[in-house]
Structures are given as structure tokens and as C-alpha cells.
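What follows is a single chain, given as C-alpha cells, in the form predicted alone.
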């Protein structure tokens, strides 16, 4: 087995820890199936896009939560499509799974960062502390990531969706790596780095108080 094949095998293994990886629900890009299914591909790529948007579109002085109405509108299609598929109301498609995952991930990123900034762990989490609000106040109406920023994120999600669809079925390896590396990084960060990091920071804070 070559080094490239070993890396792809490792990516597939990491993907299998959080996703069913059914071939019929997984996109074939760059000569290989992606490490996770179409919906999870959208979610992890969307999360990354959401974090990038926070670097440029967040309102640094604002204290209120991300616009809840637009956030819910963006996240709801994933739940509707997932439960509709689960209960046999309709048969979803990979393209529908991908776009609902993208919208969900983009909306989730600012909500996740804002939620962490409300906790005692504010300012203590590497990477996150660089994009979290200076002050978070739930009942403040001055939204830290407002409707305009979320709408821009929707537009970029649609552009990204179109780009991914355009390369689906391609045999050009660069397309596989361009998507797979961020997906794997997202899995590792959200499932295997962030939770223990939160636990360690919380324990350190607890013992310092004692």
C-alpha cells in the first residue's frame, strides 16, 4: 500500500467514527469517496466556512447572540430533510443532503462560538478565543453575527455547493484532498480535541478555585 493509499485509509477510518459512510450517500470526488457522507461533508465544510466568516463579518463591539431567526431558518432544512427521510416521507438526494448540511454548519459555527463565550471557559480555548465576542449578553439585541452576515454566509454556501457539485464524479485527485483535509480536521477538532480541551480547562479552573 502506498503512502497516499494509507492516508486515504486513515481518513476513511476517522470518517467512519462519526458517519455511516454509505457509498450511495457519499460523494465520489477526485477518484475516491469522501471520508463522510454528503450531509456530513456539508456540515463540516459549512462549519469551516462559518469560522472563516467570523473572522470577517462578526461585529466585534456587539454583545447579542447570532441572529436567531436566520440561524434557525438555515438549520431547520437539515432536520426536516433528515426526519422526512427517516420516517419515509420522501427520499432525499445527495445534493439535498449536501446543501442542508452546508447551511447547518455555517449557522452552527457562530452559535457554537457564542455559546462557548457565555461559559466560564471564555478566552481559555485556543483558536476559539480569537473569534469569540469580547462580551456576550443573551438579552442584548445588538447581534454579534447579524442577519446580514448570515445572508452573506448563505450566498457563499450556495457558491460552495455549486463548486462541489461541479467536481463530483471527477477523477482529479486535488479535488479529493481539497475537501477531505478540512473534513478530517473538522472531525478531529470537534470530536477529539475540543471536548477533552474543554474538560481540561474546566478542571483546571475548578482546582484553582480550591
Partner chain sequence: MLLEQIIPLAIAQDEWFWLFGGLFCLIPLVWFIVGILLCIWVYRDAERRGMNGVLWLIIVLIAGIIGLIIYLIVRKDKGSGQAAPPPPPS
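Residue numbers count along the first chain shown, from 1. Here the structure is a predicted model, which means the values were calculated and not measured.
Here the subject shifts to the form predicted together with its partner chain, a form of this protein not shown in this document.
Chemist: Suppose contact means a heavy atom within 4.5 Å; in the predicted complex, does that hold for all of 6, 13 and 68 with its partner chain?
Modeler: Yes, the whole trio is in contact, each within 4.5 Å by some heavy atom.
Chemist: Taking heavy atoms only, is residue 75 within 4.5 angstroms of its partner chain in the predicted complex?
Modeler: Output for residue 75 is yes: heavy atoms within 4.5 Å of its partner chain.
Chemist: Test of understanding: in the predicted complex, would residue 138 fall inside 4.5 Å of its partner chain by heavy atoms?
Modeler: Output for residue 138 is yes: heavy atoms within 4.5 Å of its partner chain.
Chemist: Should residue 90 be counted as a contact of its partner chain in the predicted complex, where contact means heavy atoms within 4.5 Å?
Modeler: Taking the distances in the predicted complex, the answer for residue 90 is no, it never comes within 4.5 Å of its partner chain.
Chemist: According to a 4.5 angstroms non-hydrogen atom cut-off, is residue 108 in contact with its partner chain in the predicted complex?
Modeler: Residue 108: yes, in contact with its partner chain in the predicted complex.
Chemist: Going by heavy atoms within 4.5 Å, which of 172-180, 26-34, 139-147, 51-59 lines up against its partner chain in the predicted complex?
Modeler: Heavy atoms within 4.5 Å of its partner chain in the predicted complex occur in 139-147.
Chemist: With the partner left out here, which residues of 78-101 have a non-hydrogen atom within 4.5 Å of its partner chain in the predicted complex?
Modeler: Contacts from 78-101: just 79.
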